[in-house]
Structures are given as structure tokens and as C-alpha cells.
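Okay, here we've got a single chain as C-alpha cells, the form predicted on its own, with questions on binding and movement later.
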């Protein structure tokens, strides 16, 4: 049995608790034992992005100390947090002391999906949104490959699929009108594809797009890919 630690992320903690739950469920169904360091807090990305590296280092050092208590890999359902630990810590001179995987990376590299004999059906038209931070850490099609294994799911193509959703962390606050325009363009293209769901691997993108969906009363639902896997894996 593989043992891992779960980094839950701030957005999971504040908004998307179901993503943390589904991440644990998926890992356990794939034969992992999941540990949760209870004193974990933020990885330090918000102050890092705003240029406040002094406070970012405080959060980062706490993160490192909590996850180093056990010599186990860290799994996180967020490409942006994985990118922060891998690249942001190096930029601040902290090195890269934690072995961290984005969830789909860990499943693809370390888990035996062949051991799952039965998958439930998921008959929905889904548009997949690749988060920008996924590209920055070298994610390729791991998340989409997992989704394609789901029986009866329809992954639909849409225009400008590689386009950013417009979130960009603090960018959506400091440049609100531009951020909203980028997000609405993405949602327009997804609606025109005939999809009724958006699936992503990053809660920053999810919270931004979900806010626009609600504001403009669009008939779309957004989910993290772990939520779908938790439903279909038996």
C-alpha cells in the first residue's frame, strides 16, 4: 500500500471541501493510505503572487515543516499549489524540499488503474479546461486521459480551448473587467460546443468561472475531475 500526504489547498478549505473529500476517496480506491497533516495552512502562493515574499516565506516554511514530519510524497488536487512548491520555493531561495505531485500526475505515475475492474457510467457532455499552471508544471493530457476512461462521458472540443480562463489570482481583482471578459469568452465557446459541464483540475479556475456562470445565469456546472472519478470508480 502506498502512503501519501494530502495538501488540501486554501480554496478546498474555504469553498471546495468536496474536492478534498473526492481526492481522498479516489486515492483510497486506488490502494493508497492518505495522511492529513492537521496543522497545514497555505502554501504561500497568494502573498508570493502579490510580491510580498517576506510573508510568503513564512507560510512556505510552515508548509515545509509540517509536511516534512513524515517522509512521504505530497499529493495536491491543484496545479497552482504544486507549481508554487516546485518553482516558487526555489525562486525565494527555499529549494524544493518536498516531493509533490498534482493529483493526476500521481495517479498516472504511481497508481495501477488496471486494478479498477469496474467503472460506473457518466453520460454527460463535458468540456475540459486545462489550467495555466498545469502547463507550467509540465502537465500534458493526464487529466483528460483519466476522464476518457470513464464510460459514456463525452469530452467535447471547443474553440480556443488553450485560452486562460481569466482568473490569474490577484489579476481578477486588479483587472476585474478584463478578467471577466476573458472568462466570458471562454464560457461562450464552451456553451457553443454543447457541453453541459466544465471539468478542470484547479479550484482557482473553478471559482472564477463558477462566479461568472452564476452572475450571468448560465446553464453550466463546473466540477473538479476528482469528483467525477470518485463517483465512477468502484
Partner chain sequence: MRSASASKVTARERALKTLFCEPPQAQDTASAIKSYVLDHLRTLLIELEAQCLSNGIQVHWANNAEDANQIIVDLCKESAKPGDVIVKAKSMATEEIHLNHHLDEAGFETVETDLGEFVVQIDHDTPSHIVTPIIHKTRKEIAASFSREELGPYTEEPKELTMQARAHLRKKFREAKIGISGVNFAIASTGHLVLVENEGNNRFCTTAPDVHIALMGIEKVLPTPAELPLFLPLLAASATGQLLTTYVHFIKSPRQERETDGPKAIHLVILDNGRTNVLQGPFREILKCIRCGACLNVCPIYRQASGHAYGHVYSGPLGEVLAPALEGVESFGDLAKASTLCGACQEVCPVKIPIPELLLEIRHRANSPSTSEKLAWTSFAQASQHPLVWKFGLKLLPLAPMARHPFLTSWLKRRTLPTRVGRDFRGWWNERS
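Residue numbers count along the first chain shown, from 1. Everything numeric here is computed off the predicted structure, so don't read it as measured data.
Although not depicted, the form predicted together with the partner chain is the subject of the following passage.
Against the partner chain in the predicted complex, would residue 21 count as a contact residue? Criterion: heavy atoms within 4.5 Å.
Residue 21: contacts the partner chain in the predicted complex.
Look up in the predicted complex whether residue 40 has a non-hydrogen atom within 4.5 angstroms of the partner chain, and give yes or no.
Contact check for residue 40: yes, within 4.5 Å of the partner chain in the predicted complex.
Classify residue 8 as contacting or not contacting the partner chain in the predicted complex by the rule of any non-hydrogen atom within 4.5 angstroms, answering yes or no.
Because a heavy atom of residue 8 falls inside 4.5 Å of the partner chain in the predicted complex, the answer is yes.
Verify the contact flag for residue 29: yes if a non-hydrogen atom of it lies within 4.5 Å of a non-hydrogen atom of the partner chain in the predicted complex, no if not.
Heavy-atom contact with the partner chain at 4.5 Å: absent for residue 29.
Contact stretch among 146 to 154, 100 to 108, 115 to 123, 129 to 137 - heavy atom within 4.5 Å of the partner chain in the predicted complex:
Only one stretch qualifies here: 129 to 137.
Contact at 55, 62 and 212 by the partner chain in the predicted complex, all three, heavy atom at most 4.5 Å:
All of them do, each having a heavy atom within 4.5 Å of the partner.
What residues of 15 to 52, in sequence order, lie within 4.5 Å of the partner chain in the predicted complex by heavy atom?
If the 4.5 Å heavy-atom criterion is applied to the partner chain in the predicted complex, 15 to 52 yields 15, 17, 18, 20, 21, 24, 25, 28, 34, 35, 36, 38, 39, 40, 41, 42, 46, 47, 48, 49, 50, 51, 52.
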